[in-house]
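Shown next as structure tokens: one chain only, the form predicted on its own.
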Amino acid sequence: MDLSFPHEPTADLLEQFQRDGHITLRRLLDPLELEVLEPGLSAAVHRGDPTAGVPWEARSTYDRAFIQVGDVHRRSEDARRLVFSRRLASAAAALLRVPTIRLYHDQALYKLPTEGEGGHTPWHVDQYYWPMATDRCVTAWIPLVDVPDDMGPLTFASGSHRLEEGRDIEISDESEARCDRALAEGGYMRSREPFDLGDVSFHLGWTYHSAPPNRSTKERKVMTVIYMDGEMRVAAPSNSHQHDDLRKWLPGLAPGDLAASEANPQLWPAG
């Protein structure tokens, strides 16, 4: 389970991913290695917290729920080891059925303990934010601690990567209501399970997902890495968020270009 050792999911798991649009690979990573990486990675996340020093009453609802920091691999060698690991990138290539994988970007999503109501993550799809020409992109959700049910593990709507209703809306209370209604009307099964340290979930960019509040007393420490087909092309942005993502995560590129800026190294096969 060394980070440098590639992983090939079984045929049954690959079939399940194609059907459901998400999968959790149990014990994909070594818990002991994650325990070694977590302190340095978390220190970088807290140093980069954009809400540090902002009074609680002045924070948005989202900022009261999350510490969100992007490109953590540029801030921490521990994060870089995780983000650039051949084990994760090879699994992403197998799941997407592509020969090469590039990094889109990484971000930490540390969900804060929430007292009372609030702190949930509304139903949404990630690819709403990404100027990508195809659906060959996947998010790896990598807990750095055990995530029992009271800490708010991800909830997926299995098979929802084929649903088009709600793809045009950003994460919000509106997306929660609209997507929840569409998923219920479509009869999509909802899947939520706790994570043990070392478990990693992967979901396609169009797979609908949400999460309940973190009702524990500890931070839900999670790293995410977005991987894309090494032959991905940049799409013309269709909303303001995609314009921002193009500038930030695909610097210097234009629609039609290969999504291969200096910020998007090839991670599989490793160069």
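Treat the numbers as computed from the prediction; the structure is a model and nothing was measured. Residue numbers here begin at 1 and follow the sequence given.
Although it is not shown, the form predicted together with a small molecule is what the next lines describe.
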Residue contact check: Trp141 to the small molecule in the predicted bound form, 4.5 Å heavy atom: yes
Closest heavy atom of Trp206 to the small molecule in the predicted bound form, within 4.5 Å or not? no
Please determine whether Ser42 contacts the small molecule in the predicted bound form, using a 4.5 Å cut-off between heavy atoms. no
Is His105 one of the residues lying within 4.5 Å of the small molecule in the predicted bound form, judged by heavy atom distances? no
Tell me, out of His124, Arg86, Arg136, Arg75, which residue has a non-hydrogen atom within 4.5 angstroms of the small molecule in the predicted bound form. His124
Proximity to the small molecule in the predicted bound form, single hit among Val145, Leu154, Leu96, Leu183 (heavy atom within 4.5 Å): Leu154
Partner contact check in the predicted bound form: of 207-215, 43-51, 24-32, 227-235, the stretch with a heavy atom within 4.5 Å of the small molecule is 207-215
